[in-house]
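The chain below stands alone and is given as structure tokens, in the form predicted alone.
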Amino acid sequence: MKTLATTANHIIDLPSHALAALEVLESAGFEAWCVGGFIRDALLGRAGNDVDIACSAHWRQAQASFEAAGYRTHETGVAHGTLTVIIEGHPVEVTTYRCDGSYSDGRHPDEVSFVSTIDEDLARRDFTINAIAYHPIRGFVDEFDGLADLQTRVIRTVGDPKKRFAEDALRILRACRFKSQLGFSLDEETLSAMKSSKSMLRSVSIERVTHEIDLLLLGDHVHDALMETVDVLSFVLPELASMKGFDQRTPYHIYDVLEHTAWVIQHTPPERLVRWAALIHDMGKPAAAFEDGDVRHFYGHAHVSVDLGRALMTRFLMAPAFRDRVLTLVKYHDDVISPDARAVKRVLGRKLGGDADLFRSLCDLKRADALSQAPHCAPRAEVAQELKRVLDEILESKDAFSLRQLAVNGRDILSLGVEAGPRVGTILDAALEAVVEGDLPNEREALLAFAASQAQAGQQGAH
């Protein structure tokens, strides 16, 4: 066992529920260590609360020990030796030391064997930075130099990367995701194996793929991750392949489509909705491109991007409501919106269904788009911020920009003698248009008078 003493630079302040778990197991005569992502993140100064424990106790022995101490347990993964214990309201995963057998499906071990030492347990893990064990008294077990890789900020597999990826192909995407979250570089041999092994990703469920891509897109270093791992990610996101190296050749851009996209994602807030929209917003450019001399144009690319994005998100089994909100942002990301109340209310009412949060996300996307173009386009980012200010003023003043906010509704129109049918909606739309344009106050009597005149005009037109 390669044990390293705790030093001033490597003191981990374990939460009380982790200390309690160690105490229960050790009082029952077993050896126990904190392992995995919590230790990695603690050493990096990253917040975390989900603690995993590896121990010498069989899961049944661990269960008996915790229940005797008054803690509830759940048999969440006992086939693989994992028990979940609820301590102080926190779930703690407690797993028996184990090694994995063969992986015939490239995702799950066909069988696991329980082993007697922490060294053997750490040897089955994916990356060196995740193969560090810690105990508040005994210090660290670091058989695979994970502490050194944390220091030099390197993502490296435990042992032969091809073997690690053949065991579980999801590790390929996890490496991409860690690159985005941590900003580490990928070990050259590990990256090479990721590329040569990427076809194994076909064995990974689409739900797990979607989860990893979600986390990757939300990472603090998403630009670098996309640029370095695009040849890997293209196996699950083939839409990226045509974007890589596609020179935009316009006065407004200094990056190819892929790198522009990577920077747009980087410049948006780390929110799932707008980051997926950023990923998709220019996917249609290679297909929409045509050349006029030395310049390329991309007329209609947003519509192509919508089509590609719809197919992508359907393939990724995303909720239809989320998919539709993303595609709305993609559809309108290139629209010019003047930073005045009338223009903002038009977009809110006509294009976004009165969804103010969606408008804010559209502003975030437009700002990031401007910051990721040629330097002379950067002032457009200020316009996007100004649009948010105008929106806030509209919301504070309670100005109407959707049918829901009108002082009249369909029943009011019917009370004027208008027959039920499309004409009711037409009159309401006209009333909203007059309010948005400032030609009519959003007041019941004024709107009823306007609606009556519209109804009368409609009747005369019918004759």
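Numbers for residues come from their place in the sequence shown, where the first is 1. Given the structure is predicted, the values throughout are model-derived calculations rather than measurements.
The same protein also exists as the form predicted in complex with a small molecule; that form is not shown, yet it is the one meant from here on.
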**Message:** Within 4.5 Å of the small molecule in the predicted complex - does that hold for a heavy atom of every one of 244, 255 and 369?
**Reply:** no
**Asked** Does the 4.5 Å heavy atom contact test between residue 399 and the small molecule in the predicted complex come out positive?
**Response** no
**Asked** Taking heavy atoms only, is residue 178 within 4.5 angstroms of the small molecule in the predicted complex?
**Response** yes
**Request:** State yes or no: in the predicted complex, is some non-hydrogen atom of residue 360 no more than 4.5 angstroms from a non-hydrogen atom of the small molecule?
**Result:** no
**Item:** residue 171 within 4.5 Å of the small molecule in the predicted complex, heavy atoms
**Value:** yes
**Item:** the small molecule: the contacting residue among 272, 221, 124, 342 in the predicted complex [heavy atom, 4.5 Å]
**Value:** 124
**Prompt:** Which listed residue (208, 297, 310, 90) meets the criterion of a heavy atom within 4.5 Å of the small molecule in the predicted complex?
**Reply:** 208
**Request:** Name the stretch, out of 125-133, 71-79, 323-331, 142-150, where some heavy atom lies within 4.5 Å of the small molecule in the predicted complex.
**Result:** 125-133
